[in-house]
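Presented below, as structure tokens, is a lone chain in the form predicted on its own.
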């Protein structure tokens, strides 16, 4: 495989430095910040609150996502991000535990230096854990870029995103759940959750072969993200009493 020169000196499969902090906002039920390089997102969770919005199933819990850009109004792209985030969070939350409630997840962009959506998904997942929202498993998100000549790079910077790229794949993988859920919860509806994919969104043009290459690279890198997320959550696990209010 040809070697790719990246402006920051990383290899094609190398992620930027990761940082995660929880319980950073005192008025929210749960909160987290997540950074990948210079991209940083804050996520705050409020709820569950009684009642669901119109068009939502009252027999299940509802997840509401509100995206707040760093500056200016929310646009078409941010609306799409809200929808992808909502679908992703709904698929990892156990929606039958608090039926007819709404949990709001506020995503605040602090700085966008590439891979913004995946950074936001990682922040939201950490904030849900901080809020004590019941989840089937953790999830980690990664962005893959496909360049014109077919090579794949992971976790792009803004500069790399703006270069001539054929396509992007935003991938969300399930994480191992040993550190968050109680013993005996390793099967979700009878299925182990360490394999498979939760969310897959592509922009631009790519062949099936190119998509599978992105999937393979993303899955390999997700193990490192998973380890980091688990370590971060273990280091900061709240006492049961602090989240039982």
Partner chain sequence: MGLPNVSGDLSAEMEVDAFRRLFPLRFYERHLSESIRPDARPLGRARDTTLALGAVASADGSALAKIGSTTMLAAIKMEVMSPSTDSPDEGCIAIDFHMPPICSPIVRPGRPVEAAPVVSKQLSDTILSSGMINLKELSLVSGKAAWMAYLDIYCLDADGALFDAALLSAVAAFSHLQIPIVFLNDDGKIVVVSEEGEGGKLDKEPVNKEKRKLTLRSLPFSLTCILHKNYILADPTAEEESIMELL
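Keep in mind that this is a model prediction, so the values were computed, not measured. Positions refer to the first chain, counted from 1.
Keep in mind that the form predicted in complex with its partner chain is missing from the display, and what follows is about it.
- For residue 51, no non-hydrogen atom is located within 4.5 Å of its partner chain in the model of the complex, even though that partner is not displayed.
- The shortest heavy atom separation between residue 94 and its partner chain in the model of the complex exceeds 4.5 Å.
- For the chain shown alone, residue 112 is not a contact residue for its partner chain in the model of the complex, no non-hydrogen atom being within 4.5 angstroms.
- Contact annotation for residue 68: none of its heavy atoms lies within 4.5 Å of its partner chain in the model of the complex.
- Remark: of stretches 141-149, 80-88, 124-132, 102-110, the one touching its partner chain in the model of the complex is 80-88 (heavy atom within 4.5 Å).
- Contact residues in stretch 99-128 (any heavy atom within 4.5 Å of its partner chain, taken in the model of the complex) are absent; none meets the cut-off.
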